[in-house]
Structure formats: structure tokens, C-alpha cells
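Below you'll find only one chain, the form predicted alone, shown as C-alpha cells.
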């Protein structure tokens, strides 16, 4: 069995009388690529925010490699290596792709101030081996000298993920990485994510399930703040509670129709 990296145990988060996440336990293992789906209001985004430290659970605990991080801030979780894209990917739209990558690299690995980075490091480190590798991996080489404000949404999404990967996160959490993208842009982002399978621990919350099902190793379905199914894609999609709650199929009526002579 691979190492347990991120583990939530019986976490609950309430907003007034509403239990947005209700007694949820979940484990993410090293090098696993997992996904969470659910209809609007299912609790998946709230749970995602609990894992990343934006919210603190009212009860239950969250551990990273056995260490209790339940009350750690998002910044403290980044230091552990638990990272969602926007935690380290605020882009500078008036700078080039390469300079954004240089800044992301040095923000993650050096303690220089941003002013020092602007003045001293961008030009010096544009040919850094790690940055050159990321340009290649994320198909950004032809865009390296383009200002970020001139990128398409899909190109910017690839840049954001690349900037996060430069920080060498142990766990990468992606909240709807395909939202708002055209089909060609979706395919470009998916090509990047496929390359990380087996190398990176990734958790994805995504509505466009048909696009990510091919490389998700485990799927979790939430409904009304609880996990109602977990396992392989087909297993989850055929689960009676998923068909009833997520697809809104009358399972009892369907079963009766199939049993009728």
C-alpha cells in the first residue's frame, strides 16, 4: 500500500443550521490521482476548502503524513507541500511567461523579497534548468516571451499549474481546472495532467467528469455533505445512490421496469 499523505477523519463544517460537510472521512495516498464530484450544494467545495485550510472544521481532524494540520493556515499547509493552484499562482499579467515562472520558482525556494526578485533575478535565471524543464513539460516554450495578459484562458491555466509545480508540491489540489475553457484548451490542460499520473499526488474537483474519468484512479461522490460512493468510475456511476442523487434517476422505478415481464 502507498503512503497515506492527506487524511480527513470525521470532519464536519456547519454554516448556521446547514451541515455543508457532515462527518466525512477521506484518505489520499501518495501518487494517487483522485477526483471528487457532486451536484451543486453537495459539499465538495467546502470539503476542498477544509483540506486546504481556508476553513477550519467544527469537528474532526485533518492529518498530513500523520501530522495534525487541522488548524494550520493555508500558508502553513503550503510549507508542508499541500497546495492548490491559486495559493502560489497569482500571475503578473504585465510580465512575460518566463518572468512569472522565475518569480514563482524563487518565491517557493528562496527568501528574497519580490522587489529583489524583480531587480536581480529574472534576467539571471531565465535559463534555470528547472524552469526550462517546466516550459517544455507544460508546452509553454513558444509562449515564454509573451506577456501573460495576452494569453488565452487555457494558456494561462497551464501557466498557473506550471507555476505551482515549480514549488514541487507533495499534494496538488485542483478546483475545477477546466472551468471556462474551450474544447481545444481543455485537451491541452488534460495532456499536461496525464503526464503527472504516477508521478504526482493530485486531487481534482471537476464538473466535466467525462474529460477526467480516463486518468482518475479513484472517484468520490458527495451529496448533501456526505460521501455516498467511492471507487472506480463505473462502480460509482452505477451505484444506486449516485444514480438517484447525482443523475436524479428513479432507481426503484427503473428496477421495477426491468423486472416486469
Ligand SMILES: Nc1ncnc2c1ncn2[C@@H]1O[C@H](COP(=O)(O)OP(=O)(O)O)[C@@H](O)[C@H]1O
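Residue numbers count along the first chain shown, from 1. For clarity, every value in this text was computed on a predicted model and none was experimentally measured.
From this point on, the text means the form predicted together with the ligand, which you will not see here.
- Look at 228-236, 65-73, 40-48, 194-202: in the predicted complex, residues with non-hydrogen atoms within 4.5 angstroms of the ligand sit in 40-48.
- Residue contact check for residue 20: one or more of its heavy atoms lie within 4.5 Å of the ligand in the predicted complex.
- Contact between residue 247 and the ligand in the predicted complex is not found at the 4.5 Å heavy atom cutoff.
- Contact check for residue 26: no non-hydrogen atom falls within 4.5 Å of the ligand in the predicted complex.
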